[in-house]
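A single chain comes next, written as structure tokens; it is the form predicted on its own.
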């Protein structure tokens, strides 16, 4: 279930980066949004479609799939946060995914029990999230957020912590959906 839903998830996260581009007030912010959009469209979606094809799931089937409640909740939270808040709110809502997946790849690689290569059907997934292109996008996103957090008031920082916490909870719910085989 999550394999299919992740396709829809990535489509909506690409939309969120397009919203970030729209909300950008500087060329640097526009470039940052472009890099995030590019990472999803050029790296993640391609890998995802290839994975699905290997498991007998066509792109046509993915495009026709109804969204599960957890997918709707998470992606619409991110988009709503971007619409009602500013550019920093949006990037913080995206952070559990774009930064978190790189952290997860690092964690997986540090485990002595992690199997790499052909014996691991998810090796390409790990490889994509540890790739130079994804790492560059992840590092740029972290640096972009950190630079803006440096000037945040304590009240603003607390607001952003709430956004990050809520987005992280929804990320957990999204993956729990697959573990629990629910829609």
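Positions refer to the first chain, counted from 1. Model, not experiment: these values are computed from the prediction. In this text, rigid core is short for the largest set of C-alphas that superpose within 1.5 Å between two forms.
Just so you know, the form predicted in complex with a further copy of the same chain exists too; it's not on screen, but the next bit is about it.
Trainee: Only one of 143, 63, 133, 54 comes within 4.5 Å of a further copy of the same chain in the model of the complex by heavy atoms, so just point that one out.
Mentor: Selected residue: 63.
Trainee: Considering 139, 120, 58, 26, which brings a non-hydrogen atom within 4.5 Å of a further copy of the same chain in the model of the complex?
Mentor: Result of the distance check: 26.
Trainee: In the model of the complex, is there a heavy atom of a further copy of the same chain that lies within 4.5 Å of any heavy atom of residue 80, even though the partner is absent here?
Mentor: Residue 80: yes, in contact with a further copy of the same chain in the model of the complex.
Trainee: Can you tell me if residue 38 lies within 4.5 angstroms of a further copy of the same chain in the model of the complex, counting non-hydrogen atoms only?
Mentor: Taking the distances in the model of the complex, the answer for residue 38 is yes, it comes within 4.5 Å of a further copy of the same chain.
Trainee: State yes or no: in the model of the complex, is some non-hydrogen atom of residue 108 no more than 4.5 angstroms from a non-hydrogen atom of a further copy of the same chain?
Mentor: It does not: once a further copy of the same chain is placed as it appears in the model of the complex, residue 108 has no heavy atom within 4.5 Å of it.
Trainee: Is there a heavy atom of residue 103 no more than 4.5 Å from a heavy atom of a further copy of the same chain in the model of the complex?
Mentor: No.
Trainee: Residue by residue through 78 to 106, which ones have a non-hydrogen atom no more than 4.5 angstroms from a further copy of the same chain in the model of the complex?
Mentor: Heavy-atom contacts within 4.5 Å come from 79, 80, 83, 84, 85, 86, 89.
Trainee: Does residue 67 move appreciably between the shown form and the other one, meaning a CA displacement of 2 Å or more on the superposed rigid core?
Mentor: Result for residue 67: no, shift under 2 Å.
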